[in-house]
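Here you get one chain, nothing else, as structure tokens; it is the form predicted alone.
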């Protein structure tokens, strides 16, 4: 607040001059005294205003800067709340022409994935699968959904539905734009030798180990379910695709440990153990042993990608069951892919073997593929499979496969 007393002062002295020299000079001594009193009151008010102005200290530059930062923070708060969001996923379309069957477009699938992180505290992962069924219906499923607590630099504690930690393929290779062939290795599909997913909780992470790096994953889950054959007297397959139901009340404990002695070489061992039971009408029989073992290796060098993986699930016998005999489902594959630099072409060769207690499920397979990479995340694939299974069964039919896959 500012004031200029000079005009006021001039006005006062002008009035005094007029009083002293004008026709009112004879008004008397009383009027002069009254005017002097008013002038003294005005002087007093002016001095008080000056004192008030002197007390008003201008803000410092630091205070101005702090105020500006506060305003900027308030203006950007809606878009900066300490969280990170990421949208990813893949889509693939396919065509299959198998011996003894008509060719058909048998794959149209879209898998969106969501990743959300709040500060360095929580990480949410979720992926849906949306696909067209044989009758034209739209099939949807939850591939995985976990909430992870970033408990330590080397540990994430998680819970929910997650891809099985057994081996490499189910965790890291099954998306269409990552898998080098249009098909899954024999024995690594749903309800075969390799567990697909689990519902439970665990802890995973990575840490330095001397000159190497190591990764680990330990979990506990509800475990698989056993499916009987149509006669109801044999175990047809192991359904290990993760469920919130657990009729037998028995949990399965598993884990995988991997070493990376070289930057592009990974060696892994995995296992799981627990109990599982045949369930009929919602009632569980006496439990039996359930064990899983896996081993895998992967190596990349320039355009070469080599992978080998073995997995087996074993069900123990249970004399009191309607299906007393257990069994073993085991599979392995060896795959080599080579990118023909500087072109966009890639050749793939894979051999796989799947053995079960049932002859119509057993299968051996050679697969030869040729890929063209239109972009780092867009690939067109063509492959031919030489299959050997039970004569007359679909597992014995050779087939052509075409696929387009896009990851984002």
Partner chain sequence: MIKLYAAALTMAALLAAAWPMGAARAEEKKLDPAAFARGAKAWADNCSRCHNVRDPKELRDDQWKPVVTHMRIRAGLTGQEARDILLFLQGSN
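Residue numbers count along the first chain shown, from 1. Everything numeric here is computed off the predicted structure, so don't read it as measured data.
We do not show the form predicted together with its partner chain, though everything after this point is about it.
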Problem set entry | 204, 251 and 260 each touching its partner chain in the predicted bound form (heavy atom, 4.5 Å) | yes
Problem set entry | Contact stretch among 156 to 164, 185 to 193, 225 to 233, 324 to 332 - heavy atom within 4.5 Å of its partner chain in the predicted bound form | 156 to 164
Exercise. Looking at the partner-bound form in the predicted bound form, is residue 339 within 4.5 Å of its partner chain by any heavy atom?
Worked result: yes
Exercise. Might residue 180 be said to contact its partner chain in the predicted bound form, defining contact as any heavy atom within 4.5 Å?
Worked result: yes
Exercise. In the predicted bound form, does residue 264 have a heavy atom within 4.5 Å of its partner chain?
Worked result: yes
Exercise. With the partner left out of view, is residue 102 within 4.5 angstroms of its partner chain in the predicted bound form by any non-hydrogen atom?
Worked result: no
Exercise. With its partner chain left out of view, which of 134, 120, 317, 139 would have a heavy atom within 4.5 Å of it in the predicted bound form?
Worked result: 120
Exercise. Of the options 284, 243, 151, 271, which one has a non-hydrogen atom that comes within 4.5 Å of its partner chain in the predicted bound form?
Worked result: 151
Exercise. Which of the residues spanning 386 to 408 lie within 4.5 Å of its partner chain in the predicted bound form, based on heavy atoms?
Worked result: 407, 408
